[in-house]
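Have a look below at one chain only, the form predicted alone, in structure tokens format.
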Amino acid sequence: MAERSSFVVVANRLPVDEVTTPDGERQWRTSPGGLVTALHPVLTEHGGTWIGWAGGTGEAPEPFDLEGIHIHPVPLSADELERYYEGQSNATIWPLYHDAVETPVYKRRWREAYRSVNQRFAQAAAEVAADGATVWVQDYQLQLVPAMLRELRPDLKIGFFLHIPFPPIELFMQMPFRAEVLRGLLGADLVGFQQRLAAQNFVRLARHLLGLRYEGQSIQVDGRKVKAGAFPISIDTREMERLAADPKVQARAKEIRAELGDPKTIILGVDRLDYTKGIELRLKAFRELLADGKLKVGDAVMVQVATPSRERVEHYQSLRVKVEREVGRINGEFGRVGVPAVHYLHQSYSKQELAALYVAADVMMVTPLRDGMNLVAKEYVACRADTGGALVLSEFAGAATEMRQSFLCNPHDPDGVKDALMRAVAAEPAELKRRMRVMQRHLRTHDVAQWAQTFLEALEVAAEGRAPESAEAQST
């Protein structure tokens, strides 16, 4: 058997992409992403293993090493992909945890697939983890893994981090196998959330649903203490700053402005095409400002990048139709030949092109109806250097608790969104620079590496059974 690891990450996806070389040879390369950036140093230092799905269906590739990380693929069949991933994870849990913006769908066969896939991930972790190893389980697709893993390997230190919101008791209680999900999470020594309120929801739920006693953020379970805490995730701030300062990116940003006709104001949205992101409401607010004459085509242009997402899930197909219809309506009513009011781009972009868009945009609109964090808001701020720029941000994005110098709005209130956008457009350059500087200072000291370090330190303390006040203080 291969050597066991003292540090194991368990996530739905592996941090690798399969590529075909010009010679037709299949190879793996690490995929860019905040999580792998943050955990790479820890994984290489401890000869760590990352367990996850490699993409595709059928048999998984054999385990292999890549850039100092042991990669341990877990297989998914086409049926499991449909039921565990598209079904239970993305049509049941995702909408429920996002305030039921869309109605969650509940199906028994989805739950059964979710259970069996979670068991497979737990089994893989139990096999590769060394005695007393640290195992960090990631996100909503794997909420049953901590308890399953604890049963298999009670010697392990187990952390869980939820990247999306955690709902209030009233919403969570809709879930048909609610007690099993809660017990799944309680298998961890430390359960981390983006927001303090989410951690409080979790602790209260343990009391309400299972009658468990708690003190502060510690829940007593089976003679153990399970700690809940807030650990807001972040970005690789220095990398984003470096990217934005690259002369090629700067030149591309100037090109983008010229291609858009050198307008006075470029308003940018960059989102996955998801019903939680509030894209449609943002477009309507822009349309009403054009209709009111407060913004004028030519002076102001909106660029909306909507990255394709979960195209096989029905909610997403209908959202795409609605968004494209709204874009067509705005351009039909207000555009001129060669001068559209909205440039809509339903495609994926490289990090360089996104950085150029951030540098080019005068106003960034991030208006989700509900979001665990929203790293696009942080990326925009990191890319602005000392050039000002304005961030219009939904109060319901996790980022709003940290980015208080943005122009906050309630995305459910069209007049509030219009008001925030107009204040951002009209703000004095000196005020915009001041706001940006404060947010940039925060991002430099609260980057993704600091997030991972804070969580793992808090997990060490929680697993030792001490009262981890210091970790809670660090994570607020």
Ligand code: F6P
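All residue numbers are counted from 1 along the displayed sequence. Bear in mind the structure is a predicted one, so any value in this text is a computation, not a measurement.
One more form of this protein should be noted, the form predicted together with this ligand, which is absent from this view; the next part is about it.
Participant: If contact means any heavy atom within 4.5 Å, which of 103 to 111, 90 to 98, 71 to 79, 241 to 249 contacts this ligand in the predicted bound form?
Facilitator: So the stretch in question is 90 to 98.
Participant: Consider the chain as shown here, without its partner, and state which of Tyr85, Phe202, Phe396, Phe231 has a heavy atom within 4.5 Å of this ligand in the predicted bound form.
Facilitator: Checking each option against this ligand in the predicted bound form, the one that comes within 4.5 Å is Tyr85.
Participant: Sort through Asp139, Glu402, Asp236, Glu127 and report the residue having a heavy atom within 4.5 Å of this ligand in the predicted bound form.
Facilitator: Only one listed residue qualifies here, and that residue is Asp139.
Participant: Although the partner isn't part of this model, could you tell me whether Arg272 comes within 4.5 Å of this ligand in the predicted bound form, counting any heavy atom of the residue?
Facilitator: Output for Arg272 is yes: heavy atoms within 4.5 Å of this ligand.
Participant: I'd like to know whether Leu369 contacts this ligand in the predicted bound form, with contact meaning heavy atoms within 4.5 angstroms.
Facilitator: No.
Participant: Decide whether Ile256 counts as a contact residue for this ligand in the predicted bound form under a heavy atom distance cut-off of 4.5 Å.
Facilitator: Output for Ile256 is no: heavy atoms all beyond 4.5 Å of this ligand.
Participant: Quick one: is Val297 in contact with this ligand in the predicted bound form, heavy atoms, 4.5 Å cut-off?
Facilitator: No, Val297 sits far enough from this ligand in the predicted bound form that none of its heavy atoms falls within 4.5 Å.
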